[in-house]
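First, one chain by itself: the form predicted alone, in structure tokens.
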């Protein structure tokens, strides 16, 4: 006789096994982390406190002045905080604070791109940040009239600030940090105040830009670095170093004047720009010629103002080159003497163009010789000294476009004459470009230093300057004593520095 209790037990056991098997069959994948809330994302926006030391180009032997500032950054990967280059430029110390926490964490710069004003920071101990949400960066440029949120730590308080704005313009404009580089920018009708710099600009908690500069002459006008520039920077540093932007090496002129178009035998169709100059040694040198009319780049039609249509927006044609790297090719379609020419130009970096960019984290190069102070011409020096000599201004302007760098690694300038008994009777040639020392043309700071320290000492040192009829002459036998007096009088530890 079969025990009913046993039958019931067997039946229930079998049923439980089926349930277990069914549950096993439909078991879900490991549970995904829930989408972070807006408040949780705020914790990934950090306050950056920076102590800086800025070099003194007026007295280059001095260490420079100390200052400090506040900026913003945000977490984009494990121990990777994105911010602006200008937030951490010339930094001696960097401290990061999590939103809502009084604790400060030491940080360092991993990568910096002064030409596009972006930088990556890391902290010594990432443990306190491990559970914070990581921001994702979009790929598209935000649409006109779309709303954005700007998050940061602007002046006026220590806590986080959130402002809203609307995208009002998409343009190709200069970036103020380097003073020479232009890239894609997005203008919004929300103020970007000191301290906001480096903060994320969001649409639905996705990064569509980095706040970086404002417009002082207008209220509630700010600019953000859009995702094409951000993603290019992140791709560039993927191999462990930053390689900088490439240069096409051409200067163009708009062709909107019907009379000019007629003179060039062009139809009045609003297409094409005139190439007026090609930079020597650039990737276009020997391929593109002044007088050519550029009508298309990578298949994108170039209008008579130099703009092309990308993603539904008219932008400067150089935006095509902006998104490429050294070794990439760009297709150019040209009109030359009423003939069509198609070229594939391989892009490369033009290091000499850095002449026009402000340098950071670099020590001024200089030579002090018998009271004469020589320095290489660059934008840091140009901004400090305010040169009025027409020859120096022309050398500065033509250095890249005329290819002066092919012969002159440096344009050496006499920036000042220190007061001393040996220099008291000298004519004031400060602000003049050095042409030669003892009859030898000067082409670099290193070479000038060699000419000032020859194996066989001459009787006199004769300095000739561009645009000056009479030379400046110092007795060689008196240089040593003069140097000692000047070092002591002006607290000059080293009479020269030839490395940045």
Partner chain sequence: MKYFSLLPFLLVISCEKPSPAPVATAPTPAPVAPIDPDQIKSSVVRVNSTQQVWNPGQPWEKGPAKSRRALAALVEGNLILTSAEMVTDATFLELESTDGTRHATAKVINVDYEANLTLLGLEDPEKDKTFFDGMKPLEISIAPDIGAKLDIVQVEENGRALLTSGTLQSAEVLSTFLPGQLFLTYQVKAAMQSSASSYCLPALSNGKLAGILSSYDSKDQICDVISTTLVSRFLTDSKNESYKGFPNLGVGVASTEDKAFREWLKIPETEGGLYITKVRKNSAADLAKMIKGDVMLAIDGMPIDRRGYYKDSQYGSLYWIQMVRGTKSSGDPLIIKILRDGKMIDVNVTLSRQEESTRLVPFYQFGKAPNFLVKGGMIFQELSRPLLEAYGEEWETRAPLNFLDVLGNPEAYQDKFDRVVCLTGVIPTPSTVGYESLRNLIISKVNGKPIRGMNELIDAFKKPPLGVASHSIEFLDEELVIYLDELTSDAVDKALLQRGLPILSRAE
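Worth saying up front: this structure is predicted, and the values here are computed from it rather than measured. Rigid core: the largest C-alpha set superposing within 1.5 Å between the two forms. Residue numbers count along the first chain shown, from 1.
This protein has a second form, the form predicted together with its partner chain, left out of what is shown; the following refers to that one.
- Remark: residue 394 counts among the residues lining its partner chain in the predicted bound form, judged by a heavy atom distance of 4.5 Å or less.
- When contacts are judged by a 4.5 Å heavy atom cut-off, residue 290 counts as touching its partner chain in the predicted bound form.
- Remark: residue 311 does not count among the residues lining its partner chain in the predicted bound form, judged by a heavy atom distance of 4.5 Å or less.
- Contact check for residue 136: every heavy atom lies farther than 4.5 Å from its partner chain in the predicted bound form.
- Residue 260 is the only one of 296, 144, 260, 341 with a heavy atom lying within 4.5 Å of its partner chain in the predicted bound form.
- Note on contacts: among 276, 362, 215, 140, the single residue with a heavy atom within 4.5 Å of its partner chain in the predicted bound form is 276.
- Segments offered: 55-63, 39-47, 446-454, 469-477. Contacting its partner chain in the predicted bound form at heavy atom distances within 4.5 Å is 469-477.
- Residues of 240-256 that come within 4.5 Å of its partner chain in the predicted bound form, judged by any heavy atom, are 253, 254, 256 in sequence order.
- Relative to the superposed core, residue 394 shifts its CA atom by less than 2 Å between this form and the one not shown.
- Once both forms are fitted on their rigid core, the CA atom of residue 263 lies 2 Å or more apart between this form and the one not shown.
- Taking the rigid core as fixed, one finds a CA shift for residue 383 smaller than 2 Å between this form and the one not shown.
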